[in-house]
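Read the single chain below, which is given as structure tokens and is the form predicted on its own.
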Amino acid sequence: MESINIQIPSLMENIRIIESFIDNTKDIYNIDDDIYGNIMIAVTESVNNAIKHGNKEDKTKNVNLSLILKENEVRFVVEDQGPGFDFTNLSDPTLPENIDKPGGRGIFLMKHLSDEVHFTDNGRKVELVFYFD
């Protein structure tokens, strides 16, 4: 098992750092193209949520991203320093009454692009799991 951790200040422009981190991870660990796109979208969405909603774009607060690579899976753990949120009570963005709402799709995307999604620490930490052969 290998693990890599990075920490970024809560600034939206730091999403580029996360994208580069994922690109480098793909190259170093030969992550299959089939899951690369899912990883890129789900992880950047999770970090985006941590910056915007968790840390409220407070540049004095950080977002931590950890990658844990096992034999047939890769896990990304995103953690913010915000107050957390109720991840058990989320509206479905695909329902007709929510279609026109501008937000609410990030967690929906994470759940549909990852093989597993786990929220802990009152929603301050999300773990995204991707399986591969």
Partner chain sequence: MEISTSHEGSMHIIAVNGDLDASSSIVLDRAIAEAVSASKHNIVIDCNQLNYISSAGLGVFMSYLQDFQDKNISLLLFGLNEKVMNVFEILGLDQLLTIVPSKEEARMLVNDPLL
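Numbering follows the first chain given and starts at 1. Just so we're clear, the structure is a prediction, and the values are computed from it rather than from any experiment.
The same protein has a further form, the form predicted in complex with its partner chain, not shown here; the description that follows concerns it.
- Interface residue remark: Asn48 is counted as part of the site for its partner chain in the predicted bound form, having a heavy atom within 4.5 Å.
- Interface membership of Pro93, defined by any non-hydrogen atom within 4.5 Å of its partner chain in the predicted bound form, is confirmed.
- Using a 4.5 angstroms threshold between heavy atoms, Glu116 stays clear of its partner chain in the predicted bound form.
- Lys101 belongs to the set of residues with a heavy atom inside 4.5 Å of its partner chain in the predicted bound form.
- Using a 4.5 Å cut-off on any heavy atom, the residues of 5-31 that reach its partner chain in the predicted bound form are, in sequence order, Met12, Glu13, Ile15, Arg16, Glu19.
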